[in-house]
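For reference, the chain that follows is the form predicted on its own, supplied as structure tokens.
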Amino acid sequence: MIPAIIFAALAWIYILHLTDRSKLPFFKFLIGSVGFFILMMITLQPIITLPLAKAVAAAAGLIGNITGSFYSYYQYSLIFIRHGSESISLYVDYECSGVIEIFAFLSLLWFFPLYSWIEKTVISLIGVLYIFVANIIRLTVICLAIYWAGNDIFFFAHAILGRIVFYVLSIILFFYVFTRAQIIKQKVGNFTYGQHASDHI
């Protein structure tokens, strides 16, 4: 498995080199982002997922303890919610940990041509923290909805409400990092408002 990963990584780097020499920035961005995401999912996802899931469960559990609405067993990546005589447990797996969204953000950012290396490093740290907090907010909304409305709302809270909250927060991040930066740094040309009198002499 490891030799195959190394071969794929070298082939990916070589293709990136070709796109750079051929001055094909779009294909460099596309191939670079997709390849970087796949490599991170293969190499880093098995290592990062469990600690990240525990961290998300622990951070969400702090809010649950403050409100008294749900409790976290972060050692097992579990969140326990009680509604009257009913109770339900949420398991924070790799899909709920936010690791996919973090890798997607980083893979797009590091091949986005408008930022310098220093800017990308700073934005990476801010973006990862932002996605982490956004995921905590998503889990908190899900848990509070179940706490207030009962287990019958679980599917709606998890599959719809929580995702809407998380995707709205993610869109805000992507807008400011990518769309807004593209608009601001886009070169629109120079404007002149007439010639100086000396230009006619």
Partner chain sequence: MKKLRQLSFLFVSLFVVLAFFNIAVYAAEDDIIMLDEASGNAYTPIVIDGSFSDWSDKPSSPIYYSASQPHTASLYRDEDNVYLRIKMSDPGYAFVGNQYKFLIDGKDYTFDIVASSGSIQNGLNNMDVIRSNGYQLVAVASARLYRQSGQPDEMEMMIPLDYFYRQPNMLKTITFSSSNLGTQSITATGVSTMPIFFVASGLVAIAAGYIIKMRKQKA
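Predicted, not measured: the structure shown is a model, and the values here were computed from it. Positions refer to the first chain, counted from 1.
One more form of this protein, predicted in complex with its partner chain, exists but is not displayed; see below.
When contacts are defined as a non-hydrogen atom within 4.5 Å, all of Tyr91, Thr140 and Ile171 contact its partner chain in the predicted bound form.
Remark: Ser22 does not count among the residues lining its partner chain in the predicted bound form, judged by a heavy atom distance of 4.5 Å or less. Within this chain, Thr67 lines the site of its partner chain in the predicted bound form, having a heavy atom no more than 4.5 Å away.
Taking the partner from elsewhere, Val128 is found to have every heavy atom lying beyond 4.5 Å of its partner chain in the predicted bound form. Its partner chain is not shown here, and in the predicted bound form it never comes within 4.5 Å of any heavy atom of Ile123. In the predicted bound form, Asn65, Ile66, Thr67, Gly68, Ser69, Tyr71, Ser72, Tyr73, Tyr74, Gln75, Tyr76, Leu78 are the residues of 64 to 79 with at least one heavy atom within 4.5 Å of its partner chain, listed from first to last.
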